[in-house]
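In the form predicted alone, a lone chain appears below as structure tokens.
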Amino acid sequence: MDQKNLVIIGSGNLAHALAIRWLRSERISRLSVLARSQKFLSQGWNEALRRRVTYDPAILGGAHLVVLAVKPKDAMAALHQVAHHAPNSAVILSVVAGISVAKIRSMLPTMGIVRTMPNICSEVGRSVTGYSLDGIADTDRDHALLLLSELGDAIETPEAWLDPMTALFGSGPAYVLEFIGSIVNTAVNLGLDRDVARQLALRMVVGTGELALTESGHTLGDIQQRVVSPGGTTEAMLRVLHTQRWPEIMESALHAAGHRAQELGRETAGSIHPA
């Protein structure tokens, strides 16, 4: 059982997913959430989680690891709280989009830093998470990686990759759910029951992912072609998608998310100064 104090700053959707997962772990016991408002009360926080919530930044005084899980516009205020209340030996684990290690370091010159971006699949331990480390001791590194391992697959990457990874994989569940929603709505229009269509669509996506993972020696196009029969239903569907330029639309959407991740960092850059 991990006896280190873990404090999450923030009470939004991602903070909720992280807290839910970590509280399910037998390896993590001492967890608190520092909230800025009571908005979380309407966002599905159960009683067990609510008992962990405080509004008093003094909770940071006993923190071994602080998880920064606020909106980018609130990052400066949260970093000031950490600088003024948390011990210099604490580690900061940031899941704030666009906020670089250098910006965090300007506020917290002595702390070990982990910059990362899990997604909401963290709640069920199935996130894909890139992370970058800076100035962190080996024992603190082990503790941080234990936390990330509870969320799903984690891989150390160059920090330069984290903004595009935020757009592609942090936001990724939204793209996948948009696709699944289209399948479900069309299934209902074709006469299927909505609940049945939802279950079938979700299981199809899980199954496709598992198949592609087991056949890593084949390209995604190779696997896709095994579904396509000349003159069949799949070919008809793909013809419409390509006629409507669906690949280009998706690429444009992903690029827009990537550019926005970079903009968030620039917008915050002017407001963050050393403590």
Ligand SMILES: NC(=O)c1ccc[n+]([C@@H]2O[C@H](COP(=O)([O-])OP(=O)(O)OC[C@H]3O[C@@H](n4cnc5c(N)ncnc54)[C@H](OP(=O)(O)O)[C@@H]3O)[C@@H](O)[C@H]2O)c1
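All of these numbers come straight from a predicted model, not from anything done at the bench. Don't overthink the numbering: it's just position in the shown sequence, from 1.
Keep in mind that the form predicted together with this ligand is not shown, yet the notes after this line are about it.
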_Using a 4.5 Å heavy atom cut-off, which residue among T219, T214, N46, S37 comes into contact with this ligand in the predicted complex?_
S37
_To verify the annotation, which of these, L148, M117, V184, A90, has a non-hydrogen atom within 4.5 Å of this ligand in the predicted complex?_
M117
*All of A15, A78 and Q81 within 4.5 Å of this ligand in the predicted complex, heavy atom check*: yes
_A19, heavy atom within 4.5 angstroms of this ligand in the predicted complex_ = no
*asked:* When the contact criterion is heavy atoms within 4.5 Å, does V70 count as touching this ligand in the predicted complex?
replied: yes
*Using the partner position in the predicted complex, report whether A97 sits within 4.5 Å of this ligand, counting heavy atoms only.*
yes
*Report whether the minimum heavy atom distance between D134 and this ligand in the predicted complex is within 4.5 Å.*
no
*Sort through 62-70, 206-214, 225-233, 238-246 and report the only stretch with a non-hydrogen atom within 4.5 Å of this ligand in the predicted complex.*
62-70
